[in-house]
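In structure tokens, one chain follows: the form predicted alone.
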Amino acid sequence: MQFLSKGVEKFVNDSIELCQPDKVMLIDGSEEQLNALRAEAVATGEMIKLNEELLPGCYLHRTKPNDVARVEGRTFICTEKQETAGPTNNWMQKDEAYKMLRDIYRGAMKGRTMYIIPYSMGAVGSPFSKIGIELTDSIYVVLNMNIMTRVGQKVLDQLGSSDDFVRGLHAKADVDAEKRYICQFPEDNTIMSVNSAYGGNVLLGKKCFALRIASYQGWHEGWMAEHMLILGLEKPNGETKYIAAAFPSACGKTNLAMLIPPEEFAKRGYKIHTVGDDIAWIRIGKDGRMYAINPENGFFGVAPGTNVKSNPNALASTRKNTIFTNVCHNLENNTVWWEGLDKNPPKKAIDWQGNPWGPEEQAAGIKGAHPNSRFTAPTINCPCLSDEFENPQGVPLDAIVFGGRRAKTAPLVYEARDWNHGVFVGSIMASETTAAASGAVGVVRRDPMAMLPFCGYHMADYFAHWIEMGKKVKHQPKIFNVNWFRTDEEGHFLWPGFGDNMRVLDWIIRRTEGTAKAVETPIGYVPDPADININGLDMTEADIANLLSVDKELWRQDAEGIEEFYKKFGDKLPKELRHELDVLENNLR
């Protein structure tokens, strides 16, 4: 095959020789080619065409029951030296990894077609954007990558003769869980994924490239790849302020990105515009501000729990041209259903494993959809998509928000004293385990910047990179921490959450403008309770004061946990973070 880039040509030819596919197809991004692939996937049973009137252009796919989620235990950062990967990543020496993987890939595509997918993370031609080539033996991957990224000939034209692209090789092979590996080679801009067909492991533009490889690239090139949503908050005067926010899973990231303001704010003309729900690439602009793009072109969202109340905009995004994975197939009208969609499960259906599913199975507690079932929906479907979504220069950040799920410790919102304190706040981010996770409930899991599973290099170097970036930014975004999950003694949430989180965003934006008051506490600045707008809420100022309270004893215990967590990084921990922990411990005395 002829490519302008000698690097692409060599990568493709070497992979063909290794995997030995029967046929090779270059994905040009044309609707004609994609329609032929959809028809082929339906003919082989790989995908099911759904009701064209109710869900136009939508399909259902099922993975094997042993292949339903990202596999952190089988995900490796492969570098020359272990020190580069650091103590929080699974590491493999890269030459050994290549040798092991080549043995697994050898002949893995015999009898199959290899698809060559040229794709752009970010708008084609944007100075923020990066190009990848994914080789795969899965039509499902081709069709998902076509939703999640910008795909086709226009990407190859943009790449031209350059060899600056990320090499991605994916083979379903036998979908053998014992030989499943998702390996990132950050020093070589290479990703190798084998024996999985589940989206998070095989859509290589997503976490593999957009976070693990890109975080390493950003470290070397002076920008940041972050596990963050990006939203625009439009004020009644028409001015829009932009926020990037990081949360661990199950903390409402997509809900916040697509928030619908409560009536109190909507009446006055406040609006939320979604730029992204999962990943932000952040660079410093010529004006000394931080600018962010969402490098993706689609949403890869968790289906269960998505409904008209929890996230109407996400639900609306799935109404056309969407691929559903491992949800329940409603045979009554050839649509889909999942737990938490509504209270009317279908009487006649097929569950995510392909078994008949009706009232008997429901009564026995058998789930129709897998708890990690997904939808892959085009961003263009989102009713509140920002007009700035395609802006090649990104949007200017006014605030960065960190958050987690804490029952007692963290207040509803607090502001960092300065940039380095903000990096400290991000580095100690934590969530308490819920009943949804296996193991004990209420265990504190540290997940710095929500990047623990996604940082492609040593996390202490990553912290140092944040501190360095702060020095280079003339106009630093203010940094905040939020916690929607404070509970009372009976375990009931004290804050309504969802759309009412707008009330906290409002204070955050007013703080960036210098028009809202704050009270200094040992951990940072919290709002004056009177400054949180509670009009229309069944809450008092005293309730807000309680939500904003800082319990020194709980924080002393937390500081011990931070001390323990920081030990992992030894002497590599930036001295600035050690200093911030000392300040916190002093303040708590």
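When you see a residue number, it is the position in the sequence shown, counting from 1. These figures come from a predicted structure and were not determined experimentally.
A second form of this protein, the form predicted in complex with sulfopyruvate, is not displayed here; the remarks below concern that form.
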> For the chain shown here without its partner, which stretch in 388-396, 470-478, 195-203, 134-142 has non-hydrogen atoms within 4.5 angstroms of sulfopyruvate in the predicted complex?
Replying inline: 195-203
>> Can you tell me if residue 226 lies within 4.5 angstroms of sulfopyruvate in the predicted complex, counting non-hydrogen atoms only?
In response: no
> Would residue 454 count as touching sulfopyruvate in the predicted complex under a 4.5 Å heavy atom rule?
Replying inline: yes
> Heavy atom to heavy atom, is residue 249 within 4.5 Å of sulfopyruvate in the predicted complex?
Replying inline: yes
>> Under a 4.5 Å heavy atom criterion, is residue 70 part of the interface with sulfopyruvate in the predicted complex?
In response: yes
> So which of 150, 458, 503, 374 reaches within 4.5 angstroms of sulfopyruvate in the predicted complex, heavy atom to heavy atom?
Replying inline: 374
> sulfopyruvate isn't shown here, but in the predicted complex which of 76, 300, 105, 419 has a heavy atom within 4.5 Å of it?
Replying inline: 300
